[in-house]
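The chain below stands alone, shown as structure tokens; this is the form predicted alone.
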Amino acid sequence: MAHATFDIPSSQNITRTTLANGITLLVYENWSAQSVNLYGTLQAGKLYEAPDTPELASMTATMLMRGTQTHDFTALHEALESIGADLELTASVHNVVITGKALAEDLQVLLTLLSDMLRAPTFPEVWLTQLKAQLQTSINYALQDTRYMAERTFRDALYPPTHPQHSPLDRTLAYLPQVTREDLQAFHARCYGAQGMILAIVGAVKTQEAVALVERTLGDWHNPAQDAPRVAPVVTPPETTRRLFTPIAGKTQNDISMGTLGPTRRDPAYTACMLANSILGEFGMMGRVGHVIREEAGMAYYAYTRLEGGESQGTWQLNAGVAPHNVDQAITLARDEFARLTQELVDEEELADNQSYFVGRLPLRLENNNGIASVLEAMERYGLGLDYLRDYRDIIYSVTREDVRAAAQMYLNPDALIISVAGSEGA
């Protein structure tokens, strides 16, 4: 094959280009298959909506695929289906996430359609009405979902009302009927633009051709009214433990979400926290909490921990599903494991096993174009550098037992947690 690639994406084979309008483009050639993937972000997530307009960012992103000035809904989707391509835009807390896939020969078509959606949406009234009904239905389902409600209540208690992660369902239900097409148009006009946009392209395409195609389709996109980048408010972790209960009639299982604030992805302690979380509630059959609560005590349908990490403070939390009469004991066992992680050094073998697990699963994340593209975008967004993947093994194995304990002590106070339970009364 004339187009040789290195085993690991790095500064040797990733081309980074910044367009004049502010788009950062990362291109990695991969000729193992004749396809190409896009993965990108632009700064138009929940962080850019007002607290009294929940779901506005998400609805705007969804409606971009419902019609443009040159393609109505049917024409837009026929254009994608006719070449077997996929394109999707979804809103997260900070960004709108772009994912796309097509044959390499159809990259120009994919980018042209993406440009059309981003720059010239029409927000058809008929599709907005349908979307509002769909959201209403999904919320009604969520209100009966013990797992969802436990976590929703946990987040609303952990984050203040001014934070984009605080979004009570009653506020959303009150706002939905009021949303207008003009609201979406105004949000789009204010938030969508090329400044701060990151786009990764991975696949069977020459770098120069990919850069030229992005220049041609998106290079002249300018929005002088685009909002300046925003930063989420800094949140103070809880100082004492607070327990909340959400009753949901007719349920035989109660769900628990408990935890606190974790680090941002840029925090120097993030890697140590990531390994600490794996030991606590991820590795094997969900780490220590899974072993103690699920296997030894036999009381959980599932039990695991999750560390989010991101542009702002995410959560470090445990999620578990238990019978109502086992809720208190499950919480006690989980808090004991939180405390043990902060007080004792993890076993050398336990740390080594988890380090091997993280290093060993990296090739699986890079086994397809979409996985590579998403990692490249994250490397750019979090300032990890183009050689992050090349150095990944050394980064993971540089973490010591003392680092793991110090990271847990920094963030995981077992005496200052938000504990949210949803389900049957009397738990």
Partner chain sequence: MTTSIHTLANGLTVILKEVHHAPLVSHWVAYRIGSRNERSGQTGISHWVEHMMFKGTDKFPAGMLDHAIDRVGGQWNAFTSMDYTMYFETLPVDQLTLALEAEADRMVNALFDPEEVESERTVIISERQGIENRPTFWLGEQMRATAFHVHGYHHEIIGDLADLHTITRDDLYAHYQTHYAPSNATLILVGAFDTAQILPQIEALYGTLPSRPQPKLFVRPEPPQLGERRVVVERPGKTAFVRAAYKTPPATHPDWFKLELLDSVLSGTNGLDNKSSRLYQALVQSGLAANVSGGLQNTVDPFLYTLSVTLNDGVKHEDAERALLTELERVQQEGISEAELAKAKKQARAVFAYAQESVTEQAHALAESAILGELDWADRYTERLEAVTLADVQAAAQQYLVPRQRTVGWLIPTGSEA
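Residue numbers count along the first chain shown, from 1. Values in this document were obtained by computation on a predicted structure and should not be read as measured data. What we label the rigid core is the largest C-alpha set whose atoms superpose within 1.5 Å from one form to the other.
There is another form of the same protein, the form predicted together with its partner chain; it is not shown, and what comes next is about it.
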Legend entry - Contact flag, Leu114 vs its partner chain in the predicted bound form, heavy atom cut 4.5 Å: no
Legend entry - Exercise: Gly360 in contact with its partner chain in the predicted bound form, heavy atom 4.5 Å: yes
Legend entry - Non-hydrogen atom contact Leu118 with its partner chain in the predicted bound form at 4.5 angstroms: no
Inset, instruction - Give a yes or no for Phe283: in the predicted bound form, does one of its heavy atoms lie within 4.5 Å of a heavy atom belonging to its partner chain? - result: yes
Inset, instruction - Using heavy atoms only and a 4.5 Å cut-off, determine which of Gln136, Thr180, Thr162, Gln343 is in contact with its partner chain in the predicted bound form. - result: Gln136
Inset, instruction - Identify which of Ala174, Ala339, Ala189, Ile83 has a heavy atom within 4.5 Å of its partner chain in the predicted bound form; exactly one of them does. - result: Ile83
Legend entry - All of Ser35, Glu78 and Glu367 with a heavy atom within 4.5 Å of its partner chain in the predicted bound form: yes
Legend entry - Heavy atom contact within 4.5 Å of its partner chain in the predicted bound form, the stretch among 300-308, 269-277, 331-339, 209-217: 300-308
Legend entry - Stretch 91-119 - residues with a heavy atom within 4.5 Å of its partner chain in the predicted bound form: Lys101, Ala102, Leu103, Glu105, Asp106
Legend entry - Ser35: Cα shift of 2 Å or greater between this form and the one not shown (core-aligned): yes
Inset, instruction - Determine whether the C-alpha of Glu344 shifts by 2 Å or more between this form and the one not shown once the rigid core is superposed. - result: no
Legend entry - C-alpha of Glu105 moved at least 2 Å between this form and the one not shown on rigid core: yes
